[in-house]
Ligand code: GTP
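A single chain, nothing else alongside it, follows as structure tokens in the form predicted on its own.
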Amino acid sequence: MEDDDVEENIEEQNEELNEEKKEDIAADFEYKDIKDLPGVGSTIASKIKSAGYQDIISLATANPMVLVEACGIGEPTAKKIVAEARDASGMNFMSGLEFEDKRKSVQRISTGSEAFNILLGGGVETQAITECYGEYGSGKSQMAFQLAVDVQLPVEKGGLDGHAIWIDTEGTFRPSRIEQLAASKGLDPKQALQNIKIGRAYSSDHQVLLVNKVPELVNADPKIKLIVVDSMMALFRAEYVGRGTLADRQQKVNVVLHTLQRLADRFNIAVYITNQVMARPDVMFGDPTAAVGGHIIGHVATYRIYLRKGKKGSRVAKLVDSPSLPEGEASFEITSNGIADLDEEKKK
């Protein structure tokens, strides 16, 4: 072998060693915990975690001003901490192909009705917020019960072999209904209840606190694949009365919804929220029913579904908004065994 070839081989080997060394150094300096970030000690890290930011990724997506208020730290410090977290987590642009590959991790939970599943493109999607709104008795909470059970089924049966979190703002959660649905699906009723973490919210502030506690629960139980909020607007609607409070209410709702969306993206979780409705007096013809929450919920929710009562005790789901699916309707019924497709008699 000639001298030039030998030198070239040596240079290539040195480059490989340098690259390996760089990777080793990067691994050595990888931040494992929030307290490892520059400028963050144990005291500040404890405050940040108490505010609901359990790891570097959640901190990287935080608003510095929210961090100032929640943790009692200065604005420059908060901005520096968030900037460090963003650098450490490598939050950068990706190509369309890379994003397409990321979307392959999206999973779906069966609603119990094949027609409803088809309307949603295969079921309730992870990494998304699905909102169902409608009058009382339209089936919003029944769908929540169904999803909380179905998520526990094996993948081949329409589930994710997972667990659920249920934030109850109206006192509608009933263990007996979960047990009834679980038994009909061949699951152990008591185990099905054990796999659902329930938080009863008594005020809008309490609701926000429960949402902020979700990362802690997911870190303790990685099998959590569904978050239910039943209902999203009930407490906000009761506490913020009059036009003068509307801006404060909508800002608070916006923060909660974006927190839920970050949780859905970060942990590959499906978020299902129910919403109340109001009658619009300015609508002279057609259905005057409109979802509470205004444009805030409309812009953040990935899928919006309007539920209403149909003929012969059936229910009709109308897909109002979706990023990729056309508007459409699906009919189903609510039975003692849960959500199901209409039988032939009721289809007539």
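Everything numeric in this text was worked out from a predicted model, so none of it was measured. Residue positions are given as counts along the sequence shown, with the first one as 1.
There is another form of the same protein, the form predicted together with guanosine-5'-triphosphate; it is not shown, and what comes next is about it.
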Original post:
Of these, 172-180, 159-167, 72-80, 210-218, which stretch puts a heavy atom within 4.5 angstroms of guanosine-5'-triphosphate in the model of the complex?
Top reply: 172-180
Original post:
Exactly one of Tyr202, Phe99, Phe93, Tyr136 has a non-hydrogen atom within 4.5 Å of guanosine-5'-triphosphate in the model of the complex; which residue is it?
Top reply: Tyr136
Original post:
Does guanosine-5'-triphosphate get within 4.5 angstroms of any non-hydrogen atom of Ile334 in the model of the complex?
Top reply: yes
Original post:
Is Asn195 close enough to touch guanosine-5'-triphosphate in the model of the complex, meaning at least one heavy atom pair within 4.5 Å?
Top reply: no
Original post:
So, in the model of the complex, is Ser141 in contact with guanosine-5'-triphosphate at a 4.5 angstroms heavy atom limit?
Top reply: yes
**OP:** Flag Asn117 as yes or no: does it have a non-hydrogen atom within 4.5 angstroms of any non-hydrogen atom of guanosine-5'-triphosphate in the model of the complex?
**Re:** no
